[in-house]
Each structure stands twice: as C-alpha cells, then as structure tokens.
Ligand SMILES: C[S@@+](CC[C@H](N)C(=O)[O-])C[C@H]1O[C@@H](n2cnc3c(N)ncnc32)[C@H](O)[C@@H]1O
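Below sits a lone chain in structure tokens, taken as the form predicted on its own.
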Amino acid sequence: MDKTKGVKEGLMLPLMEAFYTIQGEGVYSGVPAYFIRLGGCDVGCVWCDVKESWEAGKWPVIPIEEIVEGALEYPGRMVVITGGEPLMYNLNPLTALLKENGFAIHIETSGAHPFSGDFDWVCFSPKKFKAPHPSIYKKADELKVVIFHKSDFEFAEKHASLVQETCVKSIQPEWSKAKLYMDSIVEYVKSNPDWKISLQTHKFMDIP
C-alpha cells in the first residue's frame, strides 16, 4: 500500500517508538502498559520532553498489524497511544485491531485535532499553544493540566468547566518547575478538592 494513502486511512502510522513499561502519570499511574508513541506534532509546547517526536517524517511508517504484533509480545493488556499528538491521525483502524486482540486502550492527547478511535480511557491534556478541538470535551475521562506558569491554574479551570462532570481533574507540575510550584499546587488542591495531583512517577523511578 502507498504510505501516504495508508497514513490517511489509518492503516499505517509513523511510529517513533513502542515499549513496555509502567504508566507513570495520571489515574492509572503504576499500571503496566505498552506505549505506542506516534511521530508528528503541531502543538509545539516549549517544555515538551520529547521534541524529537514533532517531525513525523523522521519516523518509519508501520502497518498497524505490526504495531499490534509488538504489543502482543508482552503480558500486559493495557496500551497507551501517545505522541507527538496522536489525534493527528485516524485512529479508528488501530484501536479496532487492538480491541480485537483484547487490549484496553488509553490515549494521551492535547485534543488539538478531531477525535477518532475507540478508547477505554481518554486523558486530555490541553495546551496553550494550540486550542483543543471541541470534540474532545465529551470524550475526556481525565483532564490533566501541566502547571508551568502561575496562569495555568486559571487555564485549568477554564477547561474544567467544559468537560463532563464525571471527568477526573488532575494538575501536574512541569518537571523543571516542580520545586517552584509544588507548594502552590498542594495548596490549590487542598482548597479545591475536586482536583487531584498527578506526578511523573516514572521520572522518580528512572524508567521510560
């Protein structure tokens, strides 16, 4: 199949990396997971810790069957699709194939593109650098806002007002700013108990 056509149809995807590890962030922190990191992102967060993922053309375009075969090599049956920005692509075929093979499927996304795919858990992490597509708000199971600047608390509340009532709301210190904002984050959550704190525990454990 022509790669351009394959990517457009979601039957082939640019794969930066795929690996089996422990989910380090959010509600499912501590759970074993197979991460599928797709290449390509047009959001451009200044503090992104995987900027090498931004250029989709750097990464091999892989048939989704091969991607799923990689996941099947490991005992865990939770997959996390991330990026880059995974919603740049049509994820319907990949998630359907993963479902056929018994996986629970999660996504980590900025929501900057129209929603596609069938997921068991949607972690929505909006960014100031590109506005979310409206389709994400009804899909989000978890709202995770990274605190990089004091204005991010107000930014978090703006998006919290748009998600479903059942959506879990988390704030997470940006790794390089954790010492600067941790006290403020703790006090904010104590005063606003509908929020919880998410930490990048994989960085403390020194694992991918």
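Please read these numbers as outputs of a predicted model, since none were measured by experiment. Residue numbers here begin at 1 and follow the sequence given.
Absent from the display: the form predicted together with the named molecule. The rest refers to it.
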| query | finding |
| --- | --- |
| Option touching the named molecule, based on a heavy atom within 4.5 Å in the predicted bound form, out of Val50, Val163, Val61, Val68 | Val50 |
| Touches the named molecule in the predicted bound form: Gly83 (any heavy atom, 4.5 Å) | yes |
| Non-hydrogen atom contact Ser110 with the named molecule in the predicted bound form at 4.5 angstroms | yes |
| Contact label in the predicted bound form: Ser170 to the named molecule, heavy atom within 4.5 Å | no |
| Contact label in the predicted bound form: Ser125 to the named molecule, heavy atom within 4.5 Å | yes |
| Contact check for Arg77, Thr95 and Asp120 against the named molecule in the predicted bound form, heavy atom at 4.5 Å | no |
